[in-house]
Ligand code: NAI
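Quick heads-up: it's one chain on its own, the form predicted on its own, in structure tokens.
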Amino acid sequence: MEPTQAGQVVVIGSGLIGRSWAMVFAGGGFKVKLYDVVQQQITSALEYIRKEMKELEKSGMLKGTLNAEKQLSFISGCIDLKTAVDGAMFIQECTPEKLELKKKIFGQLDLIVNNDVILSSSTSTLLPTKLFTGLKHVKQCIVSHPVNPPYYVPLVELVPHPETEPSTVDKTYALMKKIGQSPVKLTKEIDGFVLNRLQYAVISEAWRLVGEGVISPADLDLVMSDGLGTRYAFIGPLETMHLNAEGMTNYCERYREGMIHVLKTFGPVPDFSGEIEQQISQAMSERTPADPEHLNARRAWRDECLMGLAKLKKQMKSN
């Protein structure tokens, strides 16, 4: 079976994020080379992908139009970097979150790739200027930060280096759309990108509210899961404002003063340690003990929920 898309994608690193990317690209009809330094790691990754794809097919959540066997035939492993990247049009790096390791990989790639391939990193914390500055092919470099697990949560943050060509951003954006992800473009790099900046703002206020004894940790999570989060699964904070009044201008007229008043009462950045950490940790462990067995079971439940939500969102979009 020939891939339905022209061009080959290379995924560097066969850990969880690398495996997920390989599945997403294969689902989009692309031929995928999964590169790692150890053959055993690739073998395990391919076994894991086969199992996952078969289960996704059973539950009706397999991405793309082709069946699992056909998609699996698009993915192969490789332990030689030069062979892996030969003929690639897009390279997605998924090595552990260590600057020196990632810089080493991009340094190696810089010596062997042509001027057409896009070099993309999955990093969630490292800025493009830290990763790509000084590379000959810096114009072809971009961060494409997925959300864990990428197979069910489609957002990808595209973050350019100051020297990244606009065409690199546009091509990456088009590719992400083609494989069913939801890309967003940042015009410049910023610490934490956008998703984590929003997430940390919520975490920070959550921590303060629990720390000040305003609410219990369990109830705090309910405020999000059965309150704000229900709405945010479909629309963002800005559209929420727009719909919660007669448009955005009207919302600001009505609530501007109240918002500023509340925001001025926010406390300093917490240190995320000490007594409050123990209190929250204890509350979380009552629900899900912090051992691998319980945590994995709860993660599997979370992914099942995300799968169901992804199904519903797909349905709502097509309505």
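All of these numbers come straight from a predicted model, not from anything done at the bench. The first residue of the shown sequence is 1; numbering continues from there.
Keep in mind that the form predicted together with this ligand is missing from the display, and what follows is about it.
Remark: V269 does not count among the residues lining this ligand in the model of the complex, judged by a heavy atom distance of 4.5 Å or less. N148 belongs to the set of residues with a heavy atom inside 4.5 Å of this ligand in the model of the complex. Contact check for E239: no non-hydrogen atom falls within 4.5 Å of this ligand in the model of the complex. This ligand in the model of the complex comes within 4.5 Å of no heavy atom belonging to L135. Figure note: of the listed segments 239-247, 176-184, 158-166, 98-106, the one touching this ligand in the model of the complex, with heavy atoms no more than 4.5 Å away, is 98-106. Distance criterion of 4.5 Å from any heavy atom to this ligand in the model of the complex singles out V37 from the list M284, C252, V262, V37. Contact residues in stretch 13-47 (any heavy atom within 4.5 Å of this ligand, taken in the model of the complex) are G13, S14, G15, L16, I17, G18, Y35, D36, V37, V38, Q41.
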